[in-house]
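What follows is a single chain, given as structure tokens, in the form predicted alone.
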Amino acid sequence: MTSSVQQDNTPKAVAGASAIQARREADDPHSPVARFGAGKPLKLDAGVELSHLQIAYQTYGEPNAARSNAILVCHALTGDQHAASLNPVTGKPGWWETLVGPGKPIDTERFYVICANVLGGCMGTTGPASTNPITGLPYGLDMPVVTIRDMVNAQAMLLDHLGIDKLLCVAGGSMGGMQVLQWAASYPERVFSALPIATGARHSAQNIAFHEVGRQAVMADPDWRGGHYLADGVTPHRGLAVARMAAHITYMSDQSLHNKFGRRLQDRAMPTFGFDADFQVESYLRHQGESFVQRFDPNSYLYVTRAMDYFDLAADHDGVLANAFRGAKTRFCVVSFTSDWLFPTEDSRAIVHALNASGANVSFTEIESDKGHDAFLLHEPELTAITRGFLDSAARAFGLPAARQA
């Protein structure tokens, strides 16, 4: 006689399993970590020091003898260090495997590629889901608020740990692009080339507003419990799912939503005249929300969105964006997409104008695409070609061997 145990797939059970997984990844991730003890604290923009810092990262490829072939890839809001490797929580491919890998534009047979989970994240770098060494409990809201500059300063500590003095390139899209710009402003001597994609030099009022809606959705969930849900063994999965649904709309364009769903009904011939997911687009958004809560910590969502909101590179340089890049020798390639209304092309043009005013070496491309903001994560042949060409040119100028011909 055999017996079987039926798996509990109710939302509450899934959320509980997610909380356990979040705790596991926050402290003991499926990737290498660099740890910095009490003697090497990170001074934050908030005016406090964060000690016992842990940074989780992945590397792809090998460093050359001079360690001069390093590329830092910076992830976006809900990304992580698994740019070109299976995500240990979802089992899905890396988020940038369109561009990173053997023979791809960011060629891991040629370059030493580094990607770190950002400060405030939930995949192994110190964040609100991490254990506070003082209390032995998850930080929760006791974690200091962090900024994009804090994230970049933590990455600089990681590069020192890895023995990388100078980067061939820093590349990333969206919040990753913000990090690219901050790298070029904070550490110009360490960045030979920079590839900021679908990003801006500051977060707009509209984008801050969207983030606030998401944060309020999380905090309004009764299971948020003032940010201490992990200690109570629950998670505000409903609020985080709604936040993800709202945000995901901003990542797509009206045309891409129309092409993918239109007004088609979901598995039915007639409307139900109720509030079930009658339309395919509704079902899609609900799936996005439900899958997101299984891999992301709600408090991390608060912290990382807030870091994006605070980003304003010109404000750190007397209100003049060009001053952020004054005298920099870094080569830039700025890329935008025609249908991106989250970070529209005008944001990229403002960056280019500032770079021109500072005398920087800069090229700019606006790619025709109907995929919206998410285009930088998807297969876009023109982005592939631009990335390959820019990195090949930078590598030659940096003194690296030419790419092998296929």
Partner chain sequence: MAFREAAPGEPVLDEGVVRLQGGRVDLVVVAEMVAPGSRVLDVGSGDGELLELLATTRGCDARGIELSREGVNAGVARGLAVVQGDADVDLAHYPDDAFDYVILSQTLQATRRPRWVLEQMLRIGRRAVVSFPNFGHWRSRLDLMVNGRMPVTDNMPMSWYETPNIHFCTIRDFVALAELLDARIEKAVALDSSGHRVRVNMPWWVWNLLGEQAVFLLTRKG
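Positions refer to the first chain, counted from 1. A quick note: this is a predicted structure, and the numbers were derived from the prediction, not measured.
Keep in mind that the form predicted together with the partner chain is not shown, yet the notes after this line are about it.
In plain terms, the part of the chain that comes close to the partner chain in the model of the complex, with a heavy atom within 4.5 Å, is 355 to 363 out of 32 to 40, 66 to 74, 355 to 363, 53 to 61. Heavy atoms of residue 28 never reach within 4.5 Å of the partner chain in the model of the complex, leaving it off the interface. At the 4.5 Å threshold, heavy atoms of residue 143 stay clear of the partner chain in the model of the complex, well away from it.
At the 4.5 Å threshold, heavy atoms of residue 368 reach the partner chain in the model of the complex. Within this chain, residue 333 lines the site of the partner chain in the model of the complex, having a heavy atom no more than 4.5 Å away. Residues from 315 to 351 that approach the partner chain in the model of the complex with a non-hydrogen atom closer than or equal to 4.5 Å are 333, 338, 349, in the order they occur in the chain.
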